[in-house]
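Next up: just one chain, as C-alpha cells, the form predicted on its own.
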C-alpha cells in the first residue's frame, strides 16, 4: 500500500514497530542460548594459547580480564582480515574519505554542501546517505542477467579486499606478506576493468555497457606505463616484496630518487581509479553514471564502498612504493613504535588521497583519444627513462640494498 500522506507514514512506522516487537523474542532467545555459545566456542578456537571459552565468559563479567584475550585475538589472522588493517579499518577510511572529498570540493567551488548544511561540520551526511540507500528499493532491469548483476558489487568489494591484504600498514600489520607482492598487486588490479565491463554487460543497458567498454579501452592506455614505473622501484629495492621495498626506504624515500616514476605511477593510478580527468567509464554528463547507472539501493552503496576501499588501497600502495611506507619521525614514546608506524602510514595515505581528490574540482575530462595518445606516447617514454635512472642509481650505490 503506497504512503500518500503523513498519517499513512505514521501508521506504517507503528506497523513496523509492532511486528518487530512480535518477532524479537524469536530472534533474541536463539541468539542468547544458541548463537552466542557457538560464537564463544569459535572465538576460543581462533585465539591460540591456553585461553578457552570459560576465560572468555569470565572476561565478560570482569572487563579487566579481557585485556590478555584481546591482545591474543589481535594477533590472529581473523582480526587482521576483518578488523585491522583489513575490511573494517578500510571501510572507516573510505567513509571518512567521502566526507573529506565533499567538504574539499564544496570549499573549492564555493558551494553550500556538507561544509555548511550538515550538523557537526557535515559528519552526519554519510550516515544520512547510508540510511537513504538502505531504505531505497533495489530495482533490477527486466532484461538484465540477474545473477551477474547481483554479484558485481560484491565482486568489486572482494577484489578491493584482496588488494588490502597485501598492502603493509607496518611490518607487523600486514595480512599477507608475499615475496612477489608487487606482482600480485598488479594481478589484482587487472580485475577492476573486467568487473566494470561485466557490470555493463549484465545490466543489458547501453549506458552501462558503453562505460564498461570505456574502462577496458582506458586500461590499454595506462596499464603498461603503470607496470613499468613500478619496475624502477623493484630495481632499487632488489625485491618484489612490499615489506622489503618499504624497509629499503628507511633512509631515503624512493620519491626523491624516482620522482619521474612517482609522477607516472600517480597519473596511471588516477586512471585506474577512474577519477577526473580520467573518469571516462562513468562520465556523468555523457553516460549518467557509466557502468554503475543501473545500480540502485544498497547495490549502489556496496559498489561505492568498494570503489573507495580500492581508492584507499591504491593510495596505500603509492605510499608503500614511493613515500617510505610506515617510516617517519618517532612522535610517540619508543615503546609505541608500532602505533607510530601506523600513524605515519595513515597520514601519508590520506595525503595521497586528498591529492587525488583535488583534480575533481579543478580539471575537465580528457578525451579518450588524447588519453590513449598520452599513455602510449608520453607516459610510456617517461616510464622507460625512469627505469634507466633506476639502473644508474643502483650502479652508483645511492640507495642501500
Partner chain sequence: MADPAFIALSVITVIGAILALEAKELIYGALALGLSLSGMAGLFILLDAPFPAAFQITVYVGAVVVLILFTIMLVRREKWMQIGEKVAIPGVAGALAIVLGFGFLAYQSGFINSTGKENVVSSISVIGDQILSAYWPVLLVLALVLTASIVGALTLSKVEKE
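Positions refer to the first chain, counted from 1. Keep in mind the model is a prediction, meaning the values are calculated, not measured.
If you look for the form predicted together with the partner chain, you will not find it shown, but the lines that follow are about it.
Screening 157 to 165, 180 to 188, 266 to 274, 312 to 320 for residues having heavy atoms within 4.5 Å of the partner chain in the predicted bound form returns a single hit, 180 to 188. Though the partner is left out of this view, residue 139 does not reach within 4.5 Å of the partner chain in the predicted bound form, counting heavy atoms only.
A residue is said to contact a partner when one of its heavy atoms sits within 4.5 Å of a partner heavy atom; residue 201 meets this definition for the partner chain in the predicted bound form. Among residues of the shown chain, residue 91 is not one whose heavy atoms approach the partner chain to within 4.5 Å in the predicted bound form. In the predicted bound form, residue 209 approaches the partner chain with a heavy atom inside 4.5 Å. Using a 4.5 Å heavy atom cutoff, none of 97, 99 and 129 lies near the partner chain in the predicted bound form.
None of 302, 133, 260, 213 but one reaches within 4.5 angstroms of the partner chain in the predicted bound form through a heavy atom, and that residue is 213. Contact with the partner chain in the predicted bound form, defined as a heavy atom within 4.5 Å, holds for exactly one of 234, 175, 194, 105, namely 194. Residues of 129 to 161 lying near the partner chain in the predicted bound form, listed in sequence order, are 145, 147, 148, the criterion being any heavy atom within 4.5 Å.
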